[in-house]
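Shown next as structure tokens: one chain only, the form predicted on its own.
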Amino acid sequence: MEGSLFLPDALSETAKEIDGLFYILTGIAVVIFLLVWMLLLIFLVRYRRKHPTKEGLRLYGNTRLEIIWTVIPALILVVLGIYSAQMVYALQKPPADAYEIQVTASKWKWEFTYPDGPNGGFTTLNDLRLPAGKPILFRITSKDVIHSFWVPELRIKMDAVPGRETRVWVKPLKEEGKFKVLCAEYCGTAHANMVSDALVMKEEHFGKWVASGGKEDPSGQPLDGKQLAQQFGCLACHAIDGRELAGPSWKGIYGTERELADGSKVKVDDEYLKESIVNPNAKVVKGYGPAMPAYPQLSDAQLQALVDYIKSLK
């Protein structure tokens, strides 16, 4: 991927165009800054007061110079304004063959709904996948408060507003790459945890992934339970060092016996953990409220990876 000294890797054609505009503006600003300071220093030295009793020459303006330093900046602003406006309009008009992904924000997670799949569409949680080289239209909304869909590598940031749909489109480069989706609008106490993984995939891998309903990893790599726990936001409520947060700590929990809210007891094993992830209100641990969201969309492989990770925390 192409890097930059100032900006993250640009993973779309639009991002490269925006970077180009940024560098043009920065270059012009630097040139003007240096020119002003150079002239200021020259005038300070050349026209400094050499004789305390002698008055300097009074100047009453120079029409030619004033026209020059007015017209040239005005022309620069007009050219940059036209170039910027064309870029903004281009961002608002997706190609007819753009692949549409519904983005739904809520405290404090991102849901991505794909129109294809075995059941006519499916939704992933904090897991955005994009086909390389294909235009993508994001249709963005929110379930609760205002969030902001921000992807630095794609140079896009669009508000997610309850009851409204905002749109933005991009065309990822024909290369694979990983990045993060962030929320750029403060949305509550766990705002900093509202982070989603995102991956640009080869188009054939993306097709296989969509055909599986988002439950198979075409790369064949084993799933990382810790990474999944971070991806799904589990660690915002479940500590791994023994601390009690909104939910029970995962440290040393596997194999223990827990008392439930109804007074019964349950052994923490694979079956109980998987049920608690898919249907958390089925067996609520005593002392905790039924506040955990359900994750029925997880595949068997993802559930087992999470259970194995919890099992490893001794």
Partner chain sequence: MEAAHRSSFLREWILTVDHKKIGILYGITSLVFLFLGGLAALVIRTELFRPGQDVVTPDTFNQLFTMHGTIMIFGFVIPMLTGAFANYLVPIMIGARDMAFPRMNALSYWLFLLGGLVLLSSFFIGQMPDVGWTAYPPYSIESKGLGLDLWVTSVHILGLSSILGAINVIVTIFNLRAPGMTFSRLPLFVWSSLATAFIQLFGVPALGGAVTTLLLDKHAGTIFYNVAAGGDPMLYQHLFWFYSHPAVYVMILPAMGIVSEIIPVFARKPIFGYKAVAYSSLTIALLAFFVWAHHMFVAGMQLSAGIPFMVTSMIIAVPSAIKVFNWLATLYRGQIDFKTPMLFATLGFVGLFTIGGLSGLYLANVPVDLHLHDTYFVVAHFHYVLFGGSLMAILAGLYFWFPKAFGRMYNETLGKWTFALFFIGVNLTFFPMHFAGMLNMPRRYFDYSYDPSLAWLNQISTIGAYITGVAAVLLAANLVVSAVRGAKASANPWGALTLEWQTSSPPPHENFEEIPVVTSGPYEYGEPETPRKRFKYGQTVGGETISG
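Residue numbers count along the first chain shown, from 1. For the two forms, the rigid core is made up of the largest set of C-alpha atoms that agree within 1.5 Å on superposition. Predicted, not measured: the structure shown is a model, and the values here were computed from it.
Another form exists, predicted together with the partner chain; not displayed. Remarks below refer to it.
A.B. asks: Here the chain is shown alone; which of C234, C187, A132, L125 has a heavy atom within 4.5 Å of the partner chain in the model of the complex?
C.D. replies: The residue in contact is C187.
A.B. asks: State the residue from S249, T256, T26, N281 whose non-hydrogen atoms include one within 4.5 Å of the partner chain in the model of the complex.
C.D. replies: In short, T26.
A.B. asks: Report whether the minimum heavy atom distance between G263 and the partner chain in the model of the complex is within 4.5 Å.
C.D. replies: No, G263 sits far enough from the partner chain in the model of the complex that none of its heavy atoms falls within 4.5 Å.
A.B. asks: Flag A98 as yes or no: does it have a non-hydrogen atom within 4.5 angstroms of any non-hydrogen atom of the partner chain in the model of the complex?
C.D. replies: So A98 does not count as contacting the partner chain.
A.B. asks: Would G120 show up as a contact with the partner chain in the model of the complex if we use heavy atoms at 4.5 Å?
C.D. replies: Heavy-atom contact with the partner chain at 4.5 Å: absent for G120.
A.B. asks: Is it the case that A301, even though its partner is missing from this view, gets within 4.5 Å of the partner chain in the model of the complex, heavy atoms only?
C.D. replies: No.
A.B. asks: In the model of the complex, which of 112-120, 98-106, 138-146, 200-208 comes within 4.5 Å of the partner chain (heavy atoms)?
C.D. replies: Partner-contacting stretch among the options: 138-146.
A.B. asks: Where, within 270-295, is there a heavy atom within 4.5 Å of the partner chain in the model of the complex? Residue list please.
C.D. replies: None of them.
A.B. asks: Given a superposition on the rigid core, I'd like a yes or no on whether A291 shifts its C-alpha by 2 Å or more between this form and the one not shown.
C.D. replies: Yes, shifts by 2 Å or more.
A.B. asks: If you line up the core, does K93 shift 2 angstroms or more at its C-alpha between this form and the one not shown?
C.D. replies: The answer is no, as the C-alpha of K93 shifts between this form and the one not shown by less than 2 Å after core alignment.
A.B. asks: Taking the rigid core as reference, does E244 move its C-alpha 2 Å or further between this form and the one not shown?
C.D. replies: Yes; that C-alpha moves by at least 2 Å between this form and the one not shown.
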